[in-house]
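Starting off, we have a lone chain in the form predicted alone, written out as structure tokens.
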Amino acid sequence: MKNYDIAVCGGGFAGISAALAAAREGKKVILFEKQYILGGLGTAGLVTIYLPLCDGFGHQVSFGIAEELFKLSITYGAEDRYPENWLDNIGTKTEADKRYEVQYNAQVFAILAEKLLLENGVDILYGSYVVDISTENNRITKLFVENKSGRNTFSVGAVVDATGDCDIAHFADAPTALFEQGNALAAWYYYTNPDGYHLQMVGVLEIPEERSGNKEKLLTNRRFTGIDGKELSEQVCLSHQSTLEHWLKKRETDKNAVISTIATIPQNRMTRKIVGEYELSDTEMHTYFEDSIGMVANWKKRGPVYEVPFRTLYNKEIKNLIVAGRCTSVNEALWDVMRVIPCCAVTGQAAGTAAAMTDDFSTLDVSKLQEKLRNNGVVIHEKDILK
């Protein structure tokens, strides 16, 4: 048995942020990632758009590690959507201008994120799945992890569920809820031609409503839960088929187009979330929450800003479990907003910092958590960016 202060389950942007925040607080942290690359949907899934850190009206709303990882992703240049008005102070930041978002290279980011975590003392265990847990007195005491070495046991103080599918909460019998609509099929890929290297979005798109009219052409009417093994395999096969068909069609007009990268994980956006001590609603934009741990914007349209209550990150039934990323407690209408990269980083930093402070999240003094977050660059309330 191996002992850690904090176990972070899942190495997407939420897990990266949580592990980094906890390690910077001096804790012994291990991160389990089932793939052999960090970044989750934002790298292996090729959803390589770091959606906005701003509200679309000139106010940055997400800070701290969310902005740190943004800048890390373009250390060696951006692929597209470079926001010169935000990064280089060229031009203005009105509702007619670029938002604080960027398209980045997945492989470069994954390597840089790995380097950053290792430099901060995080132990990374790739190819590793938490397959079961042990609980005692409403606490997770052990994680059972499978990888090439077989099944191993880890003793933990606090656990961050950044799996994207709320797997750990599910194993612990914490209250969870499924995404009732199910996920539409996506088949994103990269291709090269003489004009360069291009991201091709096929199926579900990441285009704001103001540019898309909220209309997308579905590849199939079938929807996917994202939490069934057989279904996931079928989904991936359909995605591959759609990628091939799209590319062959493209070749009719662009004979030099060559597929360079396909997604290596299912491109599911929303699957399962925790039922937290509070459920944040899409109607609560611009609402002050005393226990806010940071803010997120709405990538789909300009204007809305949401303070994220700490209570959305845990359920007191499992004292030492906290969630981050798309596992957080929100209503279905807000879920599609909260599952993107800046939101994952904001909640991840809060979850990792909180895990470094306590193993009973229901008793944590949130004001002390907020103080730590502020000291690490996070702006907590919307009133503080409107001064």
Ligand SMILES: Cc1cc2nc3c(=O)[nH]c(=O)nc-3n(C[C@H](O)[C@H](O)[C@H](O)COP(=O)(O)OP(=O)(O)OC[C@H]3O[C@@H](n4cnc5c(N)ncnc54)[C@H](O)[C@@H]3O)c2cc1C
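From a predicted model like this one, the values you see are computed outputs, not experimental measurements. One-based numbering along the sequence shown.
There is another form of the same protein, the form predicted in complex with this ligand; it is not shown, and what comes next is about it.
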Among 27 to 35, 56 to 64, 315 to 323, 352 to 360, mark the stretch whose residues have heavy atoms within 4.5 Å of this ligand in the predicted complex.
-> 27 to 35
Find out whether any non-hydrogen atom of residue 129 is located within 4.5 angstroms of this ligand in the predicted complex, and reply yes or no.
-> yes
Residue 14, heavy atom within 4.5 angstroms of this ligand in the predicted complex | yes
Using the partner position in the predicted complex, report whether residue 164 sits within 4.5 Å of this ligand, counting heavy atoms only.
-> yes
Just to confirm, residue 346 within 4.5 Å of this ligand in the predicted complex by heavy atoms?
-> no
Looking at 108, 238, 177, 265, which is the one with a non-hydrogen atom within 4.5 Å of this ligand in the predicted complex?
-> 265
Among 159, 308, 186, 113, which has at least one heavy atom within 4.5 Å of this ligand in the predicted complex?
-> 186
Quick one: name the residues from 335 to 352 with any non-hydrogen atom within 4.5 angstroms of this ligand in the predicted complex.
-> 339, 340, 341, 342, 344
